[in-house]
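Below sits a lone chain in structure tokens, taken as the form predicted alone.
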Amino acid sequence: MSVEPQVIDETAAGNTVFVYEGPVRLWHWLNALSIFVLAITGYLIANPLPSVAGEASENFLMGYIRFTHFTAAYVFAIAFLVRIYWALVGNHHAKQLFLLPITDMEWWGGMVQELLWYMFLVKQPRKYVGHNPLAHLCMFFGITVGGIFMIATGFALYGEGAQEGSWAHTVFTSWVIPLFGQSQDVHTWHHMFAWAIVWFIIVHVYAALREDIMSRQTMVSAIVSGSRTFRD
């Protein structure tokens, strides 16, 4: 199963190539929405709002915030499982998110080229149909590894509240919390990885907009239409 990036020939300028299938595009935007909700509600859970007036029994604001966080977590996790399935049945580009061609020297060479391009040390980038090697590496660690880590630690904390007998406690809490040592350590790592993903998203958006403008190929619209156009 090959996941090596496909380089577009320079003579292909002006051509449009279909890249991202419908399920991949739907997952991308659903993933973006769930991460946005998780980030906002997670921040509020870690930094609760000031107390509101009235009896505590009459206010359930933090309860609603936690419920929204848990709901978005379920959406994120279920969408991630569906995305894994589509990596097995989808096209070449659907598989890139989960595998790295680390034995391919050309892939590593392309990564060096991309680093030089982002540092403004080369005038022209190589053009890839899917993710370039640097983006491929960042997506793997930012979304695949980061997503798995957040799902495992998040549902471990969720299962702790749901207590023994719940599915989350059985599947995650029973081994994740002992692995880290204690519940507070899981909270800390979950919080730090959440910030790492937020920074990854910021860089991801910047890189997509930068490539759309500077490398003369459609990046942002490709994840809407599924097709990438290589401009003249």
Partner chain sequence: MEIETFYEVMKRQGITRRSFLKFCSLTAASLGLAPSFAPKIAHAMETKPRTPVIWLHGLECTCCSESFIRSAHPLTKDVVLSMLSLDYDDTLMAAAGHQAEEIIADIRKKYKGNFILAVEGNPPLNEDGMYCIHGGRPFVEVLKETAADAKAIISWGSCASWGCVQAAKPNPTQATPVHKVITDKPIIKVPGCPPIAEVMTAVVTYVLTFDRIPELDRQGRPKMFYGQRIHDKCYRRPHFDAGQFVEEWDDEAARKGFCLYKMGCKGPTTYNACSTVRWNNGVSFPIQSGHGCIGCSEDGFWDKGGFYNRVTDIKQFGIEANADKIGGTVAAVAGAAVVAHAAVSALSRARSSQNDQSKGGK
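Computed from a predicted model, the values in this text were never measured in an experiment. Residue numbers count along the first chain shown, from 1.
One more form of this protein exists, namely the form predicted in complex with the partner chain; it is left out here, but the text below deals with it.
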Counting only non-hydrogen atoms and a 4.5 angstroms cut-off, does Gly109 reach the partner chain in the predicted bound form? no
Asp104, heavy atom within 4.5 angstroms of the partner chain in the predicted bound form: no
Does at least one non-hydrogen atom of Ile213 fall within 4.5 angstroms of the partner chain in the predicted bound form? yes
Given that the partner chain is not shown alongside this chain, does Phe36 nevertheless sit within 4.5 Å of it in the predicted bound form, heavy atom to heavy atom? no
Contacting member of Phe141, Tyr85, Tyr74, Phe120, with respect to the partner chain in the predicted bound form [4.5 Å, heavy atom]: Phe120
Are there residues in 145-182 with a heavy atom within 4.5 Å of the partner chain in the predicted bound form, and which are they, in order? Glu160, Gly161, Gln163, Glu164, Ser174, Trp175, Ile177, Pro178, Gly181, Gln182
